[in-house]
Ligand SMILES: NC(=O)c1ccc[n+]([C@@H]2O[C@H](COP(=O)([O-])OP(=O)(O)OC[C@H]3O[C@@H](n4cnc5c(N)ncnc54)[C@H](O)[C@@H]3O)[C@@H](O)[C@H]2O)c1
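In the block that follows, a single chain appears as structure tokens, in the form predicted on its own.
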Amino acid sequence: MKKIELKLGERSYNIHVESDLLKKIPEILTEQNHGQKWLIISQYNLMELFGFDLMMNLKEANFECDYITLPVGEAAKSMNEFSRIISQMIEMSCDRSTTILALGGGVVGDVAGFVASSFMRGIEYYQIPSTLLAMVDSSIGGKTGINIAEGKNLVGSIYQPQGVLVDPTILDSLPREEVISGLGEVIKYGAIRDVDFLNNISTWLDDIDSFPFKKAVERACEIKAEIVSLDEREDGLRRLLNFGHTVGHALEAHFGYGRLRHGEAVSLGMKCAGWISKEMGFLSETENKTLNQTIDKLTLPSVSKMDPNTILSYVKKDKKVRNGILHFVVLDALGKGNTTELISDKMIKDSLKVIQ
């Protein structure tokens, strides 16, 4: 089993990566079982695929376990769903000793993590990501949140889990388009931090059927753990993890959450950010071409029917805007991310031509 430590002092925890790890969760968590209620928060289809087996295995290992399901899609990340879960937990007699197991993709992890951070002022939780995107990104680092009409993740907290349990074999059950979406986030890590990893990803993408997902997940998790360990609150270095996300989040908001997958939006956003990096003289023409060639190996949806002014309006509401200034992630070189405050509205709108 690969163990990657995320170092945050007393709040440090391990990211466990191993094939068929789901079956070993009772064994991994046995020392943390003190007779409290364990609550799986998931989606019903995931409960049928993995969750009910997990719950049965936990019960057989003397865990008191129950579950709550969320609807599929970004609709789950609403104030109404958050309130419903809290009410159900009270009905189930959950208390401050209850431990949550967030079994699902980014949506489940974000909501379950936010519930954990706020129920009775905070309870323990573990992330069990079920999508590639969640395995390499959203399950790690403690970001939790829900959406409101004005934008994505505008209500939330940074609240670290007790651990992240990653089973790459789960990916075998995912639709191909979900895997493609997650690969956008994998590319991001190479682009901002490890050019050799980026080059490997590009080569691996030539034959998606033999893509070494376990190896890719491990390296992506290592990079994210390193960055979050150095900058938990996103005061500097952690901002690099938002490469492609400024335009990506705006595209999601414009087209509708769920209609454009997060990883797809990030991939398109990275193409825009790469173009901006080139135009500002940070990234060479050759390196930008390499980045685009790698991203173009993914099958991405068309976003030709977009309104640049609407996209810009969403960008201005982005969480990376502080004191009216947008901290935009660029590349100084492949494998070397940076931020700049010098991005004009016109440059953002012009960058959209790259993806239209």
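Everything quoted here is computed from the prediction, not taken from an experiment. Numbers follow the displayed sequence, beginning with 1.
This next part talks about the form predicted in complex with this ligand, which is not shown.
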Stretch in contact, per heavy atom within 4.5 angstroms of this ligand in the predicted complex, of 280-288, 101-109, 192-200, 86-94
101-109
Applying a 4.5 Å heavy atom distance criterion, does Gln43 contact this ligand in the predicted complex?
yes
Contact label in the predicted complex: Glu124 to this ligand, heavy atom within 4.5 Å
no
Using a 4.5 angstroms cut-off on non-hydrogen atoms, would Glu218 count as touching this ligand in the predicted complex?
no
Please check if Lys271 has a heavy atom lying within 4.5 Å of any heavy atom of this ligand in the predicted complex.
no
Out of Ser78, Gln162, Ser118, Asn153, which one falls within 4.5 Å of this ligand in the predicted complex, going by heavy atoms?
Asn153
Which of these residues, Ile68, Val303, Leu49, Leu326, gets a heavy atom within 4.5 Å of this ligand in the predicted complex?
Leu49
This ligand in the predicted complex: contacted by all of Ile148, His254 and Ser351, heavy atom 4.5 Å
no
Heavy atom contacts to this ligand in the predicted complex at 4.5 Å, residues of 168-189 in sequence order:
Ile170, Ser173, Leu174, Pro175, Glu178
